[in-house]
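In the form predicted on its own, a lone chain appears below as structure tokens.
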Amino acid sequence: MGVWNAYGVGVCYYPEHWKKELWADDLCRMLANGIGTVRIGEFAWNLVEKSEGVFDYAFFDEFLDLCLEKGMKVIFGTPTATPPAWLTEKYPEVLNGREDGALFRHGGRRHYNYNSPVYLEKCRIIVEKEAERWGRHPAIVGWQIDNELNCEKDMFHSAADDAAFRVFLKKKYGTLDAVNAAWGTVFWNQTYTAWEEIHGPRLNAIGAQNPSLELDYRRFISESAIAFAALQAEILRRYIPEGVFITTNGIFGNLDSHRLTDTCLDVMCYDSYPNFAYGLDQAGKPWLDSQMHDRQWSLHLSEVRSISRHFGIMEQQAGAGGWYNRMEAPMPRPGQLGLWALQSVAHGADFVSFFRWRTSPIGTEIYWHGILDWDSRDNRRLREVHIFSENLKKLSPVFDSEIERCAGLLQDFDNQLDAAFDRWHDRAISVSRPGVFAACQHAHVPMDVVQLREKTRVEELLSYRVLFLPHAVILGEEAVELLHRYVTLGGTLVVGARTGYKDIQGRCPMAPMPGLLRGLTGTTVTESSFVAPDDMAKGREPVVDTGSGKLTFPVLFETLAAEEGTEVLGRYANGPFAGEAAICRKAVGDGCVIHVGGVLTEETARYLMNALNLSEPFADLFDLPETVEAVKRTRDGKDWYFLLNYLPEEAPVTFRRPFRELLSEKTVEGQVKMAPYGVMVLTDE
């Protein structure tokens, strides 16, 4: 296995886009501004294999030797995200397709499928040729597999995928009878009598699939992507020396990134674009309010941290973003580039590579700005990168520290898949996930994303005082047993509405909700419904009286019957179910379970954190406004605190004792005003 050793600052560079006369000057300017690593090669298949079986290594030989001469380290990307035209024209079976069977044609990227035997063989050849040629090149410190697996397209509809899906099912179920039973194919006469009748999701009259088939198909896609990455990783490991790492970049749908990392990688890298948080949800409402739009990337970074304890950012936003035909993000304002890069560092990144060095004058991404604009002149963004590189040197002791744990947002792969296609599930989690995050952020409560897996140990869960499990629609016995041990040993578990109404095959088990968790919650759901649109429009959402205040329950609600020994914390104060229990608490062993019969809005999550005495854990150190994020890092009894101001206004902070601020190298005490988009990193004198 390789060693993750790419600490520092990098940039994505495409030597094939520029005249060779620019290369040396570009590398020297990078190094002068603190950039010590370039990522190259991930879209350059044709430069190595110009036609089938005809290889030419001169281009990258020259560039890699120049990097070695200048002292620039390199991360080399395998080029399998963009198969060349000669390949797709001769072998159209390598292409991905739509639900109606029409193939995606050459001209974009990620137009291949993972299961074509031809494509797998061509990938094996190109990766082996590159690894054999450059695997031991002294400039190369790491290899990136492909680029953003499952980005753009995370569903696959080729004939090769159908064939591989049948193999997947045979291995999982053994017989057609078992498949039919698992999927409930008796519904709408979908029973299969031969394996060849089974296909992945296809275009049909109603635009909806058998949901159990869809769930298994998405599991299959994940396994296919992991096998595709494993093919490349196994080849690379035969050629690269010890100490050279293997990674890939991004976290995308229908892909178990935790298993991918365990199986194939030394480290996971992420692509962070905080200004792409501008956007609308399915209901046409902003994802989060304007004070949280780029701050929500801290939630994404927490998820990356659940995959890799420390990780890299392979693409950190450096400029305005967007393709000529879709996606838009404005130019980072002065200070934001450094803020976002330090946001990544605060949450565990010890390598930050900006996308890209120079804005492309050609192709789909002409509006996806890099550090430099088309004119290539030094600019404000380059100065901010230089400042960040100098700041990062001051933070090197922080790299190996741990991030403070307090609250955890639990998730698991099956429920992530289910929410991707089950609209009922998605409507709930799309409110609760940002709701818990925003409540933790505004109350300055350290929060992690915690992935429930087969290998998860109760000791890991016990490092969190409270775990939020908003809508575990799919629940299995092993997960319930683990959660029971967590609570019994002193943990606090918070669950939301619609918990436990599906089994691991996506079927409803015909048992009272919250299903397998009933014994732990001490509750039974007696009514469950979405809040009707006319109630939402007229402001008649269910209101819950907690005794210390009132909460509204948008989206959906449940009425709960509390068993003996279960405490009712809140009852509905209006509507036809006034007086019925809405929030319950049950003591179990040394811990407790709180069942909320609704979604976990920020308001509801904040109420729970106040009730559990979680809010403002740093109050004895400093007084922070809600607009400032706080992240605590610890190692060997030494603490560091990152304070990040995401707004264009100054933020007042009151320090209750003196701290050393590492970036300015000054002592701060009393009341201080943080600069707009400012960052402070504090430690004891």
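Counting begins at 1, following the sequence as shown. Worth saying up front: this structure is predicted, and the values here are computed from it rather than measured.
What comes next is about the form predicted in complex with a small molecule, which does not appear here.
The partner is absent here, but in the predicted bound form a heavy atom of 365, alone among 422, 503, 162, 365, sits within 4.5 Å of the small molecule. In terms of contact with the small molecule in the predicted bound form, the residue from 541, 426, 148, 266 that brings a heavy atom within 4.5 Å is 148. Proximity of residue 316 to the small molecule in the predicted bound form: non-hydrogen atoms within 4.5 Å are absent; the residue sits far from the partner. Mapping the unseen interface onto this chain, residue 465 falls outside it, with no heavy atom inside 4.5 Å of the small molecule in the predicted bound form. The closest non-hydrogen atom of residue 293 lies beyond 4.5 Å of the small molecule in the predicted bound form. At the 4.5 Å threshold, heavy atoms of residue 273 reach the small molecule in the predicted bound form.
Annotated contact segment (heavy atom within 4.5 Å of the small molecule in the predicted bound form): 140-148, selected among 253-261, 525-533, 140-148, 384-392.
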